[in-house]
Ligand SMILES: CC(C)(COP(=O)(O)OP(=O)(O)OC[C@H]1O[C@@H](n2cnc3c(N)ncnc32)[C@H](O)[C@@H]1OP(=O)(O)O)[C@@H](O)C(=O)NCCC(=O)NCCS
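As structure tokens, one chain now follows by itself in the form predicted alone.
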Amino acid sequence: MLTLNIIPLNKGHIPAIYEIERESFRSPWTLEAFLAELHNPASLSFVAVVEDEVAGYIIAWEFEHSIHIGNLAVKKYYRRKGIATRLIKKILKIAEEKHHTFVSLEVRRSNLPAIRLYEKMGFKLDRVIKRYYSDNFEDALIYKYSIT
């Protein structure tokens, strides 16, 4: 069992999450985008730390009645160890504590491991946005988790 701590993202974590981002996605966020999250008042950003090593991260945005998960990734070495689940549970807990009505996210149609995880956690397909991703015009699947 991993000793895992989920803590708020800070500037010192940016290089590590940027590396995870680059190994995880074909169209990664820029370094500037991650730095901007440090100053975004709507941002709910956390890292999963295993023995002083950043193993994963989640970036979400809080709105009046909901939270939207904008980015989630786990370092390849730590995948399939429950880290993404723990990060998502952190956001769901915040949503419940603040009495939000739902948590949403979008995922590429081809990202079957992520889709399986979201569905296992209780997210339901809400809608499809055709040709959403600009790098290959893949569809985005919008999932929602209802709090109430």
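Since the structure is predicted, the reported quantities are computational estimates derived from the model, not experimental observations. In case it trips you up, residue 1 is the first one in the sequence shown, and so on.
There is another form of this protein, the form predicted in complex with the named molecule, and it is not shown here; the text below is about that form.
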query = Does the named molecule come within 4.5 Å of a heavy atom in each of Pro8, Lys11 and Phe34 in the model of the complex?
reply = no
ask   = Can Phe25 be called a contact residue for the named molecule in the model of the complex at 4.5 Å between heavy atoms?
value = yes
* Should Glu62 be classed as touching the named molecule in the model of the complex when contacts are defined as heavy atoms within 4.5 Å? -> no
- prompt: Does any heavy atom of Gly122 come within 4.5 Å of a heavy atom of the named molecule in the model of the complex?
  reply: no
For this session: Please check if Asn111 has a heavy atom lying within 4.5 Å of any heavy atom of the named molecule in the model of the complex.
Result: yes
Only hit among Lys93, His39, His99, Arg80 for heavy atom within 4.5 Å of the named molecule in the model of the complex is Arg80
Contacts from 93 to 125 to the named molecule in the model of the complex (any heavy atom within 4.5 Å), listed N to C, are Glu106, Val107, Asn111, Pro113, Ala114, Arg116, Leu117, Tyr118, Lys120
